[in-house]
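Next up, structure tokens for two forms of one chain, structure 1 and then structure 2.
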Structure 1
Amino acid sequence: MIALAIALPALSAALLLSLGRRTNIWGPYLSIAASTSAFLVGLWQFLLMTNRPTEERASITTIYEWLVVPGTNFKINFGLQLDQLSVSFVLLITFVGTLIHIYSLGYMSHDENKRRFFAYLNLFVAAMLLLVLADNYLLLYVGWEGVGLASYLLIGFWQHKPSAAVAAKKAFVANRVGDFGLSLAIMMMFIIFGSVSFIDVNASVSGSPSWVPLTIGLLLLLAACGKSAQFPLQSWLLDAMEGPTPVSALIHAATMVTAGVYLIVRSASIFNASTFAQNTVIVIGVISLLMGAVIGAAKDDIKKSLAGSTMSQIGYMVLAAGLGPIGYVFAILHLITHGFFKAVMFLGAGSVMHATNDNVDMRRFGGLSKSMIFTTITFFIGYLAIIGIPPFAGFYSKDHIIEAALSHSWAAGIAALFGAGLTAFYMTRMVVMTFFSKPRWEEKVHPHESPISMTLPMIILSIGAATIGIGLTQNNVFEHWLEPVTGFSEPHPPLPILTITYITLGVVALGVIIGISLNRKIPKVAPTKVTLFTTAARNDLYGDLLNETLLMRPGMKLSKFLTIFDRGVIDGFYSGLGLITGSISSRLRRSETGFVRSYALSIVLGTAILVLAILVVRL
């Protein structure tokens, strides 16, 4: 039954792509219908699941035997695992996905390739659902690659812009590095455990030597870093903002980039078995959450600033996922709340761009609250949610992550706390620069509110962003819901929980105050006399430079050297052989003089030598 949720969007994408222009008129509506019905299927399954007792909630449906090699134990089913974790993702993906489909109707209304856009969105939804519903790593890998493909196609959707085409390629290549880790991990699982299904891997991981979960864990972490734009594979996410804004909201904020967190949480048994792998996850999470926040604080491009924020928030989730059973639930909780508030903010940014002739420079916004009332309110709710003001969603998830981090170690906890302050700072900066402060618009810009198809999804998502946190944490309902899948143990922070909450709120308030006071006067052009640190942050903390000097240029040098080696040495050897043979034969052929008598002489001499040879051998 749950297979329908994957099949309907996939079918719709196939129809729209294969029928071509004929579907231009009704294609987007079919696409929305497919996404909506996927949501309804997911909701129905969710309701069915809540009616069952806890231990019977998870179920595996084997659609068919997918890969079987006779004579070996290589057998992989096309099976869908519907449990508390995957159904949470299904609901998030299809709900946010459907709203963003609807939003795109308004946002992309003037684009002549609208149908193709909706087809790709459907393709993405199908692939993402396959990713979270797979019951084994190989099938997950199919979905993993599927979302990577959809992401590539959608980042480069306006491929006539060279920057978009380059960004798409960059995202693809960076993801490929991560995918390499995932494929190696799957191969290792098959060799060592003899199976790649979640159940078998979970069962056999505890009995294996300690290097096995360590290696597999680190490889899975590499995969997660690629997909979730974590350090050191983060650089593609900021460039990915070249894609249309609904894509940034759906794929590069709410769903696809969180696949890495899903992978880590899904592989909980592997990470639980290796403390070193877990600590690496924590370190990566902390680095990314600070880096993302710093980048987000320095960018003037509203979408890139939000992208830095996404990287930072996913850093929180990865950090939480690295904490083990005390963090898994909160990683997923933050993932879901982030899906709502980040989506609403991206959609808000898209709405602002729609109103200002596709401008993204926050220095040319300002004072938009007067003309765009719905966008402002919904964005502001998203803002309150991300900086973590109760009762908005981010407060509940982030506060829990800080508590869990503190109970792991002071360093992780303080880093998370500092990140919360930075978040408050850069989000305040963004809100002030965009919606408040004096108008600094370019000429001929007349801001206006977006159409209903765009504001409606924003309103619904902002309601979610406001309420979902308190809803999911009432009576610890989410902990109890996920506990059978991910396990849960109560964190024991070194400080009382209420104290931590107050400290967090104090740090957030400090960030807000600094954010307001530093942005009283906003120059229309970014000041150039800035500290080295700001310059570094504006340049994505030199992530690209690092990649270029460490990987790209040595790679180019290596390939140049290999070309010369190939041309000179290898080709040289074989061409040399040919040349020598050629020159010998061109000399030898001179013996063909055309004089019959010289041929006769050689025959006679040859015969004589043969006879002599026979005589010698005989004797």
Structure 2
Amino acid sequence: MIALAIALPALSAALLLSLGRRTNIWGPYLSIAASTSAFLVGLWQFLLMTNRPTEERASITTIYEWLVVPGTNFKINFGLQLDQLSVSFVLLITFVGTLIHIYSLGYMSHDENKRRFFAYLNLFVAAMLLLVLADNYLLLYVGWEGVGLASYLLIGFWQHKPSAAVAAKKAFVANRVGDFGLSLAIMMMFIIFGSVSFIDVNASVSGSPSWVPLTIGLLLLLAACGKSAQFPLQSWLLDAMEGPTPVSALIHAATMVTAGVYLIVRSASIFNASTFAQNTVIVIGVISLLMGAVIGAAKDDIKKSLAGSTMSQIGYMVLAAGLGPIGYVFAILHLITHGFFKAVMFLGAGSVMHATNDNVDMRRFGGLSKSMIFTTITFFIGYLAIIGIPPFAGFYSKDHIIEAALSHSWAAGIAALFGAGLTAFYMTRMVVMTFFSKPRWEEKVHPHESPISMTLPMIILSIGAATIGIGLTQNNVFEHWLEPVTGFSEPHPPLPILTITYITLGVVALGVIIGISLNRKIPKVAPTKVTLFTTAARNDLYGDLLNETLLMRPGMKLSKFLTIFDRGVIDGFYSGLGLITGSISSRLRRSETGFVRSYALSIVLGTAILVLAILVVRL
């Protein structure tokens, strides 16, 4: 039954792509119906799961024998694993995905290729569902690559824009680096464990030498960094904002960028077996959450500021996942709440763009609260959720991560706490510059509220952002739900929980106050004199320069050297060999005169030489 959740959007995508422009009228509605049906299938499976005892909730459905190696016992099934972790992702992907499909009806209404856009959305949903439902790493890899393909197609959807085409290629290349790590990890599992299924790997890793979980864990982390835009593979995420805004909401806020977090949590047994791998995950999460927050605080482009925020929030999830059993549950909890409040803010940004002639510069906004009441309210709810104001969702998920981080070390906890203050600052800056400061738009701009197809999904998502946190944490229901899959250990921070909560809220309040005080008056142009730190932040902390210096230019020089080596040495050797052979042949063919007497003389001389050689040897 759960296979239908994958099959329906995949079939819809195939139909829309194969039937062409004739589906432009009804194609988007078919796409929405497929995504909605996938959600209903997931919801039905979730309800059935809740009615079963805890130990019987997980199940594996084998669709068919996928890969069989003759003469060995090795085989890989096309199998789907439905458990508490995977069904949580299924509900998030299909529910948020369906709302974004509906939003796209209004946002893409005037696009002549909207049928293709909706097909790509369905392709993405199907690939993401395959990724989280696979019962083995190789099948997960198929979904992983499918998600990467769909991301490439959607980021570069407006391919007539050079910036969009370049951004799509950049995302594709950066993700290939991470995917190389995942492919190597799968190969190691096959060689060492003789299997790539989750069950077999989990059972075998505990008895393996310490270097095995360390190496595989680091390779999986590399894969996660690529897909989840974490340091050092983060530079593609901000450029990916060149795609249509619903793409930013679906792929780069709610689902695709969380695939790396899913991979780490699904591979919990591997990371639990290597303290060094876990600590590396924590370090990457801390660096990413701080880098993303700094970048988000410096951007004037509303979508790129939100992209920096996404990098930062994913950093919180990666940090929590690196904490082991005390953090896995909180990583997924923040992933789910983030899917709601970040999606509503990305959709809100799209609504603002829709009302201001596709402008993304927050210095040209201001005062939009008067003409865009629904967008303002829903965006503001997302704002309260992400900065962690109770009772909104982020308060319950992010505070738990801060408590777990403090339980691990003061350094990780203080970094997470500082990140909360930065989050409050840059989000307050965004809200003030966009909705509550003096109007700064151009005369030709006439802000107006978006159609109901766009505002309705935003309203539903904002309700989720306001309530889902308390719903999932009431009586520790989410901890009990995920514990059979991820394990759970109660964190023991060095300070009382209530004290940590007050400190966190105090840091958040300080960030809000600074954000308001520094952004009451916004210039329409960037100041001519800025600090080196601000310049660095506006240039994405020189992530592109770092990649260019460490990877691209050395790669170009290596390629140039290999080209010269190939032409001068490899080709030279074989070309020289050919010339020598040709020269010898040209001389030998002169002996072929066609005269019988010449051949007879050659035979006589050859026989004489042979007889002489035999006599010499015998003597």
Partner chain sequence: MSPNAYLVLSGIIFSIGALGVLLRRNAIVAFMSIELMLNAANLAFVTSARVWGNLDGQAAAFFVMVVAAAEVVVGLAIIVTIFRTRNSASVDEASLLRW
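Predicted model only: the values in this text are computed from it and were never measured. So that the term is clear: the rigid core is the largest set of C-alpha atoms that superpose within 1.5 Å between two forms. Here, residue number means position along structure 1's sequence, counting from 1.
Item checked: Structure corresponding to the form predicted alone -> The chain shown second - structure 2 - is the form that fits the description.
Notebook entry, point to check: Fitting the rigid core first, would the Cα of Gly606 be found 2 Å or more away between structures 1 and 2?
Noted result: It does shift by 2 Å or more.
Next item on the list: Inspect the rigid-core superposition and answer whether the C-alpha of Asp566 shifts by 2 angstroms or more between structures 1 and 2.
Entry: Result for Asp566: yes, a 2 Å-plus shift.
Note to self: How about Glu56 - superposed on the rigid core, does its CA move between structures 1 and 2 by 2 Å or more?
What the structure shows: No, because once the rigid core is superposed, the C-alpha of Glu56 moves less than 2 Å between structures 1 and 2.
Next item on the list: Report, in Å with one decimal, the C-alpha displacement of Arg589 between structures 1 and 2 after core superposition.
Entry: After core superposition, the C-alpha of Arg589 moves 9.1 Å between structures 1 and 2.
Next item on the list: State the core-superposed CA shift for Gly578 between structures 1 and 2, in Å to one decimal.
Entry: Comparing the two forms, Gly578 shifts 5.1 Å at C-alpha.
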